[in-house]
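Take a look at this single chain in structure tokens; it is the form predicted on its own.
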């Protein structure tokens, strides 16, 4: 009688499964919120069993924490593809603003996850131990762009990179997070053309803030 040894999934397969679960969790929590999300729907969306999800991540709160962390990881990973160092300082700022607006609009789960976590008082993000480290690379890159702008005599020398990124995120976040109310209250189109114009206007506002006074 031939015995068949049960082989464990290869590391690559396990990582692919984990990413499917995280994507399904991002969609589930961003659509239904923390309280309304269901693990069985996450399992269905990922094409795995509920026991497998519990094996990979643990309970619902742990899955939510992993999905929230993943939301930050993905935007930071995507930013790594921006060749900011090769661009002149003002062009680098334009590229970062363009990217930020596009990431928010193309990944609505990101905006929703941040809104949900803030409604929950930030209780989970405070428990994500490496959250500051995930953000540190971005802060460093923004700081380098600002330093180059200062060195070229283009930018003021009193701008904190974290404060400046908060300005970028704020100008890009609001039109996406408030799309429905902006349409209803102000009758704005909030379509691609309108968002492109907001991105361009935000860039000019931010560059005006950075530039040295004549």
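What we label the rigid core is the largest C-alpha set whose atoms superpose within 1.5 Å from one form to the other. Numbering follows the first chain given and starts at 1. What you see is a predicted model, and the numbers here were worked out from it, not measured in a lab.
Keep in mind that the form predicted together with another copy of the chain is missing from the display, and what follows is about it.
In the predicted complex, residue 206 approaches another copy of the chain with a heavy atom inside 4.5 Å. Remark: residue 100 does not count among the residues lining another copy of the chain in the predicted complex, judged by a heavy atom distance of 4.5 Å or less.
When contacts are judged by a 4.5 Å heavy atom cut-off, residue 22 does not count as touching another copy of the chain in the predicted complex.
Mapping the unseen interface onto this chain, residue 150 falls outside it, with no heavy atom inside 4.5 Å of another copy of the chain in the predicted complex.
Interface residue among 48, 188, 154, 39 relative to another copy of the chain in the predicted complex, by the heavy atom within 4.5 Å criterion: 188. Counting a residue when any of its non-hydrogen atoms is within 4.5 Å of another copy of the chain in the predicted complex, the hits in 108 to 127 run 112, 114, 115, 116, 117, 118, 119, 121, 122, 125, 126. The Cα position of residue 50 differs by 2 Å or more between this form and the one not shown after fitting on the rigid core.
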